[in-house]
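To begin, one chain is listed below as structure tokens, in the form predicted on its own.
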Amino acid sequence: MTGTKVNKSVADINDRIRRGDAVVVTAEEMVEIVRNKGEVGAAKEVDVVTTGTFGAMCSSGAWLNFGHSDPPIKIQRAWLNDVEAYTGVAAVDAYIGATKLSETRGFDYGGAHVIEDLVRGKEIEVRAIAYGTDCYPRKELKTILTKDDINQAVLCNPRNAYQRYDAATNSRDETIYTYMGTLLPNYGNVTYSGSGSLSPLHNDPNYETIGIGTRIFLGGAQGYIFWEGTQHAPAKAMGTIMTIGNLKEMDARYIRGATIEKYGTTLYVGLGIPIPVINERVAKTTGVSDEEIKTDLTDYGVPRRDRPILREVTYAELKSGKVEIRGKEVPVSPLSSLKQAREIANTLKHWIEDKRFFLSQPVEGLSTDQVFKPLKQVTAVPFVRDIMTREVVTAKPSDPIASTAKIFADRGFDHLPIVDARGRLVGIVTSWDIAVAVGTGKKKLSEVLTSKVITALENEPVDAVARRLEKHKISGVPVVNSCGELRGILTSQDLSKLLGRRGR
């Protein structure tokens, strides 16, 4: 290629693999080679860099063809171990999605577990119903199948191997359960995903060698990239790929169904991409270190699309097991397995060295500048600030119970926020608290207030707060700003009025 000091083709490298002359290293090994020899020296020495990642890839699933029954059936709906599969294609084809939940076991079992069971060779119960036609008269079917009984079982994943993920933490006063795992209150922990310097797309961010038709390691077998992944956003270093491979050849060591607590099911997928070192530019990107790979530490306690970014962190920091947030050292835990990622990179390296795996030239490149767009919405989403009550009666911790009881009696309140001299929320009392206090002879609000308060922010979507009320079985929440200052109150009555307006 013009302007490069090293110029190798994929065909040249495959010839070296056939002769047993190819130099193959993992991405972690390449970091040291580039440091010591520079990108040109590394490009001259190394032919292939192997990568690996093993993490939750929710956007995964499998196409299955069951074959025709006698009499034949045109399947309208189908369930595999009580997990419904999509059947809106041909008569006996179905797609089982990783995050689809069992109708009988809930979060404990889903499409991801069905896929793992198929890979393991386990028996799967298949139930199907149909409306019946002249050529497909059968209306019901129930049978037991394994992967060997199915014509095709193809792992077909719309979005895998994110180039990077946001690291997640939680500013709220309560534990929350997300696709980034369990996040403790008040920045109590940080979670992250991805393998850093081993991450496949970080090793070729310009897609010089990765594209449609690239042969990859997928679930312990050979697979392919067949398109850019959904939500592909390379301009933000968040590229993704669509992948495909023969499920029947895969190994359950690299295909695992999992449940994320109180969130749902997902499929852990082992994936590795070999990067042919065709020039010094590719050598440089394959030599990227964890210290150079950065991501955003994001507050998942704010349930909206544009969550607040607290700071930028490196994968070196994340892998150290701790990061600093606002002067406090916070523990970090990974959601993906670095051990498995290393194993995948090394397995792929050995496959190439043993002449069992050859590189493929992409037939078309992937976009390098595509921007991921949010959902177009034709109706405005209500936020807390739009419907909250702004004029709020408050009290102070030192206020007497007797005068507070009169406020409740006169106003018909259920909740009374308690604030300090600066207007910051310090607690809340309910009508029940006051009734008990009067009966037990308590004198001041400080003796009965609840200091751990479930709150809302002004810029939160109403739907998120409605879920919080339901989750904690409460009828209202104080609304505060980022400094904890009281800005209003949102009650179930406010939500009821909103629902009334929506129904008109």
Partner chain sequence: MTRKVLLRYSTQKATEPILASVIKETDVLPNILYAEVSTKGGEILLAIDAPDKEVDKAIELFKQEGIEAQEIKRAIQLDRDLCFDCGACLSLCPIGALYITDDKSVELDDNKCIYCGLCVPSCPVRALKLSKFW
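Residue numbers count along the first chain shown, from 1. Values in this document were obtained by computation on a predicted structure and should not be read as measured data.
The same protein also exists as the form predicted in complex with its partner chain; that form is not shown, yet it is the one meant from here on.
Put simply, of K100, R256, R164, H232 only one has a heavy atom within 4.5 Å of its partner chain in the model of the complex, and it is R256.
Taking A91, L335, C156, V426 one by one, only a single residue has any non-hydrogen atom within 4.5 Å of its partner chain in the model of the complex, and it is L335. Heavy atoms within 4.5 Å of its partner chain in the model of the complex belong, among the stretches 416-424, 273-281, 294-302, 189-197, to residues of 189-197. Within 4.5 Å of any heavy atom of its partner chain in the model of the complex lies no heavy atom of F66. Although the partner is absent here, G412 sits far enough away that none of its heavy atoms falls within 4.5 Å of its partner chain in the model of the complex. Contact check for L184: a heavy atom falls within 4.5 Å of its partner chain in the model of the complex. The closest non-hydrogen atom of Q340 lies within 4.5 Å of its partner chain in the model of the complex.
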